[in-house]
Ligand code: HPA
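One chain is shown next in structure tokens, namely the form predicted on its own.
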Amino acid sequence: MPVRVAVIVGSGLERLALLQDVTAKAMETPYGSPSAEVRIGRIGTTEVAYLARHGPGHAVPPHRINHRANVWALKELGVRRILGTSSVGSLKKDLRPGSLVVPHDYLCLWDLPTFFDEKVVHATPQLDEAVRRAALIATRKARVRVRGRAVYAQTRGPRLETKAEIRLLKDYADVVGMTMASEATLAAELGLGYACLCTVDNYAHGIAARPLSFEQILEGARRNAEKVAALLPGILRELAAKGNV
């Protein structure tokens, strides 16, 4: 039977043992290899395809992630909906590190990958309301505060953003990261529902008085990963209960 829901995990979560009854599947796509083997198993009571976007040991930097291979591989497995998890920086002083966010929209002023290099196809980018709603309901049932209206701005890694870039972005977005817009756009092109649960792991460059190093940002992501891991079974159960898996 095809697996219908996938989880693409980011910083901190790839090191956690979240799956039960696991089988690993090495895959090749027309766009090359995914970041890692797709692992199929259960999170709670829900069967999922599980993919670490940065590969084993967080070895793949954001600008080298093969998003096309990642999303295509999940589609080949029969996946219909994808929940991403992602580490982000806050563009607002009142959105503090440690917060959870489920974006409702996104922007990207940098280049985005596409499956349509050879023909004109205008896919409408959007985030899936069924996945968003499941994430919000399950998180609130767990009595964890979450912001359900936020715009995600994607920049291109591996460097962090300049203060000037952050001054521009903060007037139009709430959080900044390097991966979600790519995944959401490619999923939309293939007709897959996608949404993301983001952990705010730091203030973006210039929002707070003291900038953080990349190592400090990763440490924040690792701390928040435990919180997300505890929420995943409930989110997936909520998604399945509404007939969306």
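Position 1 is the first residue in the sequence shown; the rest follow in order. Nothing here was measured: the structure is a model prediction, and the numbers come from that model.
The protein also exists as the form predicted in complex with this ligand; that form is not presented, and the subsequent description refers to it.
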| item | value |
| --- | --- |
| Of C196, A181, A204, L51, the one that lies within 4.5 Å of this ligand in the model of the complex (heavy atoms) | A204 |
| One residue of L95, V146, A173, L160 in contact with this ligand, assessed in the model of the complex (non-hydrogen atom, 4.5 angstroms) | L160 |
| Partner-facing stretch of 67 to 75, 137 to 145, 114 to 122, 86 to 94, counted where any non-hydrogen atom is within 4.5 angstroms of this ligand in the model of the complex | 86 to 94 |
| 4.5 angstroms heavy atom contact with this ligand in the model of the complex for T155 | yes |
| 4.5 Å heavy atom contact, G177 and this ligand in the model of the complex | yes |
| Exercise: L192 in contact with this ligand in the model of the complex, heavy atom 4.5 Å | no |
| Contact test in the model of the complex: I217 vs this ligand, heavy atoms, 4.5 Å | yes |
